[in-house]
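Read the single chain below, which is given as structure tokens and is the form predicted on its own.
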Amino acid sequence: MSMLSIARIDLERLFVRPFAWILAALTLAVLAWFFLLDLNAFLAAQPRLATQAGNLGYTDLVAAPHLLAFTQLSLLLAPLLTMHALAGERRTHTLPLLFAAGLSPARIVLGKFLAVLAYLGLLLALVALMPAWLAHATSPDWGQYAAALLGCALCIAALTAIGIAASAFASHPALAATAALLVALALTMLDAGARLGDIDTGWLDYLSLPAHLTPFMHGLVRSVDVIYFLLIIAVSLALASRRLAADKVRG
């Protein structure tokens, strides 16, 4: 059994469970509703925006915020989808079966990670199509939209990796979901809490997730932001692999 086999099996498990379909339906319904609200507000503001120099356009006011809304929802979606990844295997005593199949801890972790990432990636693609459908009637900034899409994809991947790490350390899926949500919220509100406490936010800005996601929303792709998300993914998956390796040694 290979890493891709683990990913395929987990993805099939997701798609045969009503939970995954209900979660996808609710997510798309909520985002479609907010998209229509944002679009209506944008159309209503057209007379005012037309008189302003350097005014914000469709991408700034509708398309990019739409992608950002899905990323914010992923703060909850990722923990819910990853909580059973390894904690569930441990709870049902099926983790030794994966070890017996000759899979290394790193391959198990990567397989679980890719399965959830594929699910969320499919949702992101569907969400991204909503603003793109109106391209014929608007003038979207495709460069900015592509940057925003890249930033959202990297952020979602980082949240998924955090969820996998939490699931690797937790003994129960509910604990894994709670831990992943708390870590994600901490990264999200880190700089805001420092500003409220009148603390120097120099190094906290680098740790803060929104500080690295916001430039993507404005069409700016910076290497420091890409590296930030890749570091979160790498560290989270490495921690999960080490935890599984310890489980394998203990038997």
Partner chain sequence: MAPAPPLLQLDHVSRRLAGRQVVADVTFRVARGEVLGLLGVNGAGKSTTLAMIAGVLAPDGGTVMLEGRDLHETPAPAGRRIGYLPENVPLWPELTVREYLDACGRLRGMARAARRRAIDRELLRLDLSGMVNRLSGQLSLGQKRRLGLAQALLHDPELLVLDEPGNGLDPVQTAQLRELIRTLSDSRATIISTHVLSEVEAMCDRVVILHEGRVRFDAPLASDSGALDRAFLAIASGKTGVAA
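Residue numbers count along the first chain shown, from 1. Since we're looking at a predicted model, the values are computed, not measured.
Note that the form predicted in complex with the partner chain isn't included here; everything after this is about it.
*Asks:* For L97, is any heavy atom within 4.5 Å of the partner chain in the predicted complex, or not?
*Replies:* Result yes; L97 sits at the interface with the partner chain in the predicted complex.
*Asks:* According to a 4.5 angstroms non-hydrogen atom cut-off, is G102 in contact with the partner chain in the predicted complex?
*Replies:* Although the partner chain is absent here, G102 would touch it in the predicted complex, with heavy atoms inside 4.5 Å.
*Asks:* Determine whether any heavy atom of T92 comes within 4.5 Å of a heavy atom of the partner chain in the predicted complex, and answer yes or no.
*Replies:* Within the cut-off, so yes.
*Asks:* Just checking whether I9 would be counted as a contact of the partner chain in the predicted complex - the rule being heavy atoms within 4.5 angstroms.
*Replies:* Answer yes; at least one heavy atom of I9 falls within 4.5 Å of the partner chain in the predicted complex.
*Asks:* Among 154-162, 169-177, 70-78, 102-110, which stretch has residues with heavy atoms no more than 4.5 Å from the partner chain in the predicted complex?
*Replies:* Of the options given, it is 102-110.
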